[in-house]
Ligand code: NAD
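Okay, so here's just one chain, in structure tokens, the form predicted on its own.
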């Protein structure tokens, strides 16, 4: 274990209320591509920019093309939790982790065993009819081949993910803010901290130590007590 990992281990050992704030870089080691890196989703070529496809307007106006992209790129149903997800679940079980705040929609934190997860941008594992609320599993979206109406009322089925032009869920945000303000150690990982309003939530942290783990530099590196540049799973997986 190198010096920075040892420093992080000491902070974890001396903390009782750890909150984790994670982005796409937490799941890349599970084989899920991120968005903004050179080989990320937003730098691939499509008929429309991914930011446009993943908007509420596009979903309403071009549902066939939305779901074609969504099924191809946003439904990693075979992905498994990596060492980062597993370590956080382990800390929660031990009573040290008080909340995971995630920008990811893949559900891997829950798959690893975490219970206190605040999904800021929703989840691919929840799909609802916008008219009657009937639930549909992600396998339905994957296998249907095209947008189909709700089998109960004929309404439009939508993944429970926050698209561009949509707001975050107030209850989820409130839970995340409470977890962050109550923490004595906050670990921010796998995020460029450029997606707002989600990234702004770290400003609510008033605890003792702020740690950042990310492949690249971020706008808040200078404000952190400890900065580690590397893979999130490798780093967290090396801790006890």
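Numbering follows the first chain given and starts at 1. Because the structure is a prediction, the values reported are computed rather than measured.
Form predicted in complex with this ligand: not shown, discussed below.
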{"item": "Proximity to this ligand in the predicted complex, single hit among 215, 68, 56, 62 (heavy atom within 4.5 Å)", "value": "215"}
{"item": "Among the candidates 117, 129, 89, 105, the residue which, in the predicted complex, approaches this ligand to within 4.5 Å (heavy atoms)", "value": "105"}
{"item": "Contact of residue 232 with this ligand in the predicted complex (heavy atom, 4.5 Å)", "value": "yes"}
{"item": "Residue 184, heavy atom within 4.5 angstroms of this ligand in the predicted complex", "value": "no"}
{"item": "Heavy atom of residue 194 within 4.5 Å of this ligand in the predicted complex", "value": "yes"}
{"item": "4.5 Å heavy atom contact, residue 24 and this ligand in the predicted complex", "value": "yes"}
{"item": "Interface segment, criterion being heavy atoms within 4.5 Å of this ligand in the predicted complex, picked from 135-143, 149-157, 105-113, 91-99", "value": "105-113"}
{"item": "Stretch 114-145: residues contacting this ligand in the predicted complex, 4.5 Å heavy atom cut-off", "value": "121"}
